[in-house]
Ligand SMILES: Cc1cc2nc3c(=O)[nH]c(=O)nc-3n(C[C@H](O)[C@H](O)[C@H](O)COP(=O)(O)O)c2cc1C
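Next comes just one chain, in structure tokens: the form predicted on its own.
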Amino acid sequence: MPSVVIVYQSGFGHTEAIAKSVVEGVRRVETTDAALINADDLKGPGSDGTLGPEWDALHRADALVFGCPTYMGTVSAGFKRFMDCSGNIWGEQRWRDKLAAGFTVAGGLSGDKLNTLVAMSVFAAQHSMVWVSQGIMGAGEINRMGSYLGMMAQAGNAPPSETPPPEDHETARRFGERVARATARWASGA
């Protein structure tokens, strides 16, 4: 069964909430499996430069969805650490031809979230991955941020139980479903 791994970093819980909605969307496609990994749980390279077994699920996945908050106009420090730890994977091109996609959450309507998605897509390109875009027409209740490169949500200054709003969670579910369908097609060679 094709698999999608959502690897995320969340500072205050809002990005984790959206990551769970992405997983729900992936699971709407019954022929695709989903897993959720917190980037903070992935250990960096050991003294010999190798990564631990907790990275194996990422290697086995057919698609990786990256998610993090937008801080100061780019990926969070915790997510950047994950990116930097993948240097040996990049050197070996272990993720070549996997599908990749990304999402981000920020407090502001803009918050320079696009720059975060650009950073994720460049990261995926450096790993020779194939990027899956948002694929949902924007500026309505669904994809209300009007994002096309990846999924965006607005958190505001309330706890994750109150924000992002339901529209952003449904956008995340539809985004996860799109990635799952693309993964199923990609894995089958269609």
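Because the structure is predicted, anything quoted here is derived from the model rather than measured. Start at 1 and count along the sequence shown; that's the residue number.
The protein also exists as the form predicted in complex with the ligand; that form is not presented, and the subsequent description refers to it.
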### Message
Only one of V132, L64, A34, A155 gets a heavy atom within 4.5 Å of the ligand in the predicted complex. Which one?
### Response
A155
### Query
Can we say S10, G13 and Y71 each have a non-hydrogen atom within 4.5 Å of the ligand in the predicted complex?
yes
### Message
Check L99 for me: does it contact the ligand in the predicted complex (non-hydrogen atoms, 4.5 angstroms)?
### Response
no
### Query
With a 4.5 Å heavy atom cut-off, would you call A106 a contact of the ligand in the predicted complex?
yes
### Message
Please determine whether G78 contacts the ligand in the predicted complex, using a 4.5 Å cut-off between heavy atoms.
### Response
no
